[in-house]
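What follows is one chain in structure tokens, specifically the form predicted alone.
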């Protein structure tokens, strides 16, 4: 997701905001935001701004603990630590006293840019960096004001460190001691923020707050939730999207002790599914396996991968809707055939397969509901539950649970898992019901990264650089028919399908990119780094091929071709080249080095890999990655993100790394058929180097993914002499 979001039901945050504070009955200080309506709403005479619960962001307890609310989902990316670091640094809080909590769904927690509460587009730190700095600085200013008032001194005579205010004459008071008085201080409208050289936490390697409880098993995820009297639900989904049962024989299933009910619910694909509710997961699983369902496929399109490849390739030979057109459209005609490259690429559907299966727990009490879910889209999911239960969103208490991975899978605009859970809970009023999507349900039931075909024709100039570039991309639109449509689809082109190509940082004089978005009965969704996954592969393998054709060093070729303003990519290339030089000059026999660089979500990345071939598969011995994410809030997290992101990116290359459909049915069902990288497939070593920067932070969750696959196949091309244009790599 790369564009700001606004929807008809007022999802936008006002641009102007400030914090308010109050003292609690038990003592302490609570800090929250007070939000203005957008100016357009004010001009239209809409309701006055709303004040939200005072414990929104910071709570200073009498015992000195400082609880900081994280307005995002934590599912491995590290915001549970990085966002509190930002606030605590400006606040001069004692880090050993900081506790992080995942915030529930509420307007106050909406992303300052996107306007909904969410995680996506690698925007958590990038969008909330200023927000959390100001929260911390204003809290600190109010604590100083309280101390100055008590001591009858000027505020500028006081300083803070480690949750203590110190004043003239050796006076001192802890934040906990000052919290009640500070809560009654006037909230400053503006406050000075620290210079980057004064940061005590930001920019320093800091161990994650959630590491220990994750390692010792004490941290609970959504799937671990166990409420008194809770039931567990599993759903038998149609084998083809949009189908419905013609008949259901549930006699054997109902005979299993512990089965509470079996009934049908609607699916978002306009079909119907069969739900089994029982006292335990295994009971529900056994009962579902005994269901005898005859499905009705009347009027349902049965997508087939082979037929889609044929259709997509035909479309790729015709111009699509224009994404970008610069220079002369007829420039290609003046280039002889001997100076042209024509390349066609194929990318299959990909599943997300997070380790924690999707789940949502709901208790419906008639006039209210309570939800527990590891959601990337709290605003959408809360509203969806409310709609199904005929409630208002503020009647739905939505708890954000820790999640075990997502890679985009928990950011679903149609909220289909939450809608199913709500439909089931509606039948069990007063009883909490946990809906679980098993991995088989998820692999076979969607949602997927769209399959794509690319067709590229390149005209090469006398200098060996591309002079004309015609690029057609064919694939489903992810955002069509969602609230994101007005922001992401222009001229019939979904920008998430062309990002990383249409906005290339390479200087190509006559550059034309167009796209076709066929409608297919397969639900699609963003996959970690979205369009950059396939677009970077195409761009970086072709650039490498052009460099080899010109007999120019691939790093030097990229530098020559990069635009003058591609500063982050140039910096990343410089660091990558320097840090990898020692091992690149000492490659073992049968090894080759491959390169790739790409900028996504504002972050420049350059990658070098050492690859050999073992058992007809690439063996990745070493990866050196250089990244320019602006200011790295927590370098330890950035390093972890890139090590894990590179491993995730390798999944595009796995021999069984494709979702295929035959006669409308997904042929894979679990990790036996859709295989992630195992230890032998993952890089043996990943060295991560951060380009020093004081610029504002940019994304780190998704940028590591696009570079690894093209770098690996660029190395393979040196070893085999072949160019790889179809993923996954069945054999090399």
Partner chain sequence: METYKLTVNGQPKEVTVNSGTPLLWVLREELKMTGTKYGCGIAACGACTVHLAGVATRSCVVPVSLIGDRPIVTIEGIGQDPVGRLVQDAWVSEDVVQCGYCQSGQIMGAVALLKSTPKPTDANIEESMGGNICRCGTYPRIRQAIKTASRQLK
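Residue numbers count along the first chain shown, from 1. Small disclaimer: the values here were computed from a predicted structure and weren't measured.
There is also a form predicted together with its partner chain; it is not shown, and the following applies to it.
Engineer: Under a 4.5 angstroms heavy atom criterion, identify the one residue in 578, 556, 429, 215 near its partner chain in the predicted complex.
Structural biologist: It is 215.
Engineer: If you check 405, 464, 266, 492 against its partner chain in the predicted complex, which one has a heavy atom within 4.5 Å?
Structural biologist: It is 405.
Engineer: Heavy atoms within 4.5 Å of its partner chain in the predicted complex: which of the stretches 301-309, 527-535, 341-349, 450-458 has them?
Structural biologist: Going through the listed ranges, the match is 527-535.
Engineer: Is there a heavy atom of residue 232 no more than 4.5 Å from a heavy atom of its partner chain in the predicted complex?
Structural biologist: Result yes; residue 232 sits at the interface with its partner chain in the predicted complex.
Engineer: Give a yes or no for residue 280: in the predicted complex, does one of its heavy atoms lie within 4.5 Å of a heavy atom belonging to its partner chain?
Structural biologist: Yes - in the predicted complex, heavy atoms of residue 280 and its partner chain come within 4.5 Å of each other.
Engineer: Would you please decide whether residue 682 lies within 4.5 angstroms of its partner chain in the predicted complex, comparing each non-hydrogen atom pair?
Structural biologist: Close contact exists here: in the predicted complex, residue 682 approaches its partner chain to within 4.5 Å, heavy atoms only.
Engineer: Any of the heavy atoms of residue 326 lying within 4.5 Å of its partner chain in the predicted complex?
Structural biologist: No, no contact at 4.5 Å.
Engineer: Give a yes or no on whether every one of 372, 374 and 386 sits within 4.5 angstroms of its partner chain in the predicted complex by heavy atom.
Structural biologist: Answer is no for this spot.
Engineer: May I ask you to list the residues of 345-372 that have any heavy atom within 4.5 angstroms of its partner chain in the predicted complex, in sequence order?
Structural biologist: Sequence-ordered list: 351, 352, 353, 354, 355, 356, 357.
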